[in-house]
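The data below hold one chain only, encoded as structure tokens and taken in the form predicted alone.
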Amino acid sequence: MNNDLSGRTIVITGGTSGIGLATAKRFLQVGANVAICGRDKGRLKIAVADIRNMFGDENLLGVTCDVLDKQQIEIFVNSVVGRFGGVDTLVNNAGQARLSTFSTTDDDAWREELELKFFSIIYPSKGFQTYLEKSGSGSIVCVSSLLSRQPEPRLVATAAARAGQLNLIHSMAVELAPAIRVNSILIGVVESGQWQRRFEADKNSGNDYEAWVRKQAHDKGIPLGRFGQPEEAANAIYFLGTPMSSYTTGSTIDISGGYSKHVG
């Protein structure tokens, strides 16, 4: 299949680091137009500079945007369409995990977690829906978590919200077909700044981050014996976000190194 995506426009929320940033670079490698957003102006500036050094800025747009703010989403949509003329793929990547138990998660934390997991998909998807429908091969890819099917200790709020989010994604796939395909990837453990911060907070970790990560993977029982890399998740997003997966909707790709324990 032709891997030249010149003229195709990809929008990535939460595109300033980790999986989002790796995905932006993956699509730019094949000539696509890429628009990223993030709510932190400083991190966005760093990400745009990083990408620009590798690919230039002819096919790049970076916009400060909080995906939970409808007005900011509207501005982001108008900026993307004004720059590139349309949208072909939306990658909903904004989100984070909340460490808490059922006993320690207060009402506000529950509301915040549910709002983030749902509206970080709802607002961007509604905002870009018209343009995705006009694409002729519109695709939405949502970055979700293995937690949606496999709860973990001290992640009760995130796991519950992710489960509902996965149902939302599959419901969207039914409703938006055939004009827009909607799929997701389910992340197990992927290296990120969050893990670096946990390493730094672990007083017994020593000075070897790589050794510490390998131990974490071993203790978790990940069959492949390591954490995933953002680029590995980006490759799955690339597949789902392009015509390579033209007969795939309402599906998930498990990116967990075999950590998944559920069947189906």
Ligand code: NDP
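Remember, it's a predicted structure, so these values are computed and weren't measured experimentally. Between two forms, the rigid core is the largest collection of C-alphas that superpose within 1.5 Å. Residue numbers run from 1 along the displayed sequence.
There is another form of the same protein, the form predicted in complex with this ligand; it is not shown, and what comes next is about it.
Of the heavy atoms in Gly250, none are within 4.5 Å of this ligand in the predicted complex. Although the partner is absent from this view, Phe55 stays clear of this ligand in the predicted complex, with no non-hydrogen atom inside 4.5 angstroms. Although the partner is absent here, Asp202 lies well away from this ligand in the predicted complex, with no heavy atom inside 4.5 Å.
Residue contact with this ligand in the predicted complex: Thr242 places no heavy atom within 4.5 Å of it. Per the 4.5 Å heavy atom criterion, this ligand in the predicted complex is contacted by stretch 96-104, the sole one of 125-133, 83-91, 96-104, 175-183.
Looking at this ligand in the predicted complex, residues Leu114, Leu168 and Ala236 place no heavy atom within 4.5 Å of it. With the partner omitted here, the residue from Ala163, Val156, Val189, Ile75 that has a non-hydrogen atom within 4.5 angstroms of this ligand in the predicted complex is Val189. In the predicted complex, the residues of 189-209 lying within 4.5 Å of this ligand by at least one heavy atom are, in order, Val189, Val190, Ser192, Gly193, Gln194, Trp195, Arg197. Shown in the overlay between this form and the one not shown, fitted on the rigid core, is a CA shift at Phe239 smaller than 2 Å.
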